[in-house]
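One chain is shown next in C-alpha cells, namely the form predicted on its own.
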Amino acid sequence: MERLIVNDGIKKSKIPARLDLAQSGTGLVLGLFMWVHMCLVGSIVLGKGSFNFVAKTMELSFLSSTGHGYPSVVFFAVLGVFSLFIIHAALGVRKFPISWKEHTIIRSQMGMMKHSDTNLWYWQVVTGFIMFFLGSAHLFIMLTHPGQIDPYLSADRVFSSHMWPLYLVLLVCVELHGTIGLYRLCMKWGWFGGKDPVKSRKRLKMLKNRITIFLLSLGLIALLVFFIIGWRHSDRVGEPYNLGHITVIAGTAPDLSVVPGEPEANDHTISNEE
C-alpha cells in the first residue's frame, strides 16, 4: 500500500498527451490535404485542359511572364507534405502492434467485441502501414520531378512507366485511411458531438461513408482517364502538354497555346498593334 501511495504521488509525464496532440494535428492537415488533392487531380475528368490549368495554377503560372510557372513551388509544397507524412507516420507507429503476438491478441479481441470503431482503427493501421511505403515512393517521385505535372507527363507515368498498380493501391489506402482518421478525430476530440452523441456518431459515420465512396469513385475514374490518355500518348512518351505554338513579334509577352500537330492546334501571331 505504501508503494502505491508513493507511486501515485509521482508527477505524470505530459509527453504522451503532447504526442497524441501532434499526431492528431498532422493527421488533420494531411487528411484535409488529401481531400483537396483528390479533387484537384480529379479535374482530369473534365479534360486535359482543365487538369493543365489546375497544375499550372499550383505552379503560380499567373505570376510568370512566360506562363510556365515555378516548379520550385511544387517542390517546396511536396517537401512540406512529405515532412508531415514522415512525422505523422513516426507518431502513429507508437500504437501499431509491433509483433505477431500483439497482432493475434488484437484480432482475437476484435472478434469477441465486434465493435465497428475498433475495426475501423484496425483498417487504419493496415492502410497506414501500406501507405508508408507506397506514399513515400509517390512523394519522392513528385519531389524529384516537380516540373513534370501535366496531362501527358502524368499519364505517361501511369501507363508507360507502369505506375498504375501503385496508384490504384495507394488510392484505396489513402481514401480509407484519411476518412477513417478524420472520423476518429471527431470522435476522439468531441467535434460535432451535438446534444445526442449516439446520433452524432451515426451521422458522422454516414458522412464518412459517403465521402469515401465519392472520393474513391472520383479517384478510380481519374486513374482510368490517365490510363487511356497514357495509352494514346504511348508513341510520344515524354512529350509535354502545351496549349499551342505562337510567334512573338516586337518583344510582346509570350503566351501558351496548342502544340503544332495536335487536332486543336491554333497558331497565333502577337504584335504590338493587338
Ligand code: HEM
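Keep in mind that this is a model prediction, so the values were computed, not measured. When you see a residue number, it is the position in the sequence shown, counting from 1.
The following text describes the form predicted together with the named molecule, which does not appear among the structures shown.
Annotation: in the model of the complex, residues 165, 205 and 212 none come within 4.5 Å of the named molecule through any heavy atom. Proximity of residue 230 to the named molecule in the model of the complex: non-hydrogen atoms within 4.5 Å are absent; the residue sits far from the partner. The closest heavy atom approach of residue 37 to the named molecule in the model of the complex falls within 4.5 Å. Although the partner is absent here, residue 33 sits close enough that one of its heavy atoms falls within 4.5 Å of the named molecule in the model of the complex.
When the named molecule is considered in the model of the complex, residue 54 lies well away from it, no heavy atom lying within 4.5 Å. Interface residues of 82-119, taken as those with a heavy atom within 4.5 Å of the named molecule in the model of the complex (partner not displayed): 85, 88, 89, 92, 95, 96, in sequence order.
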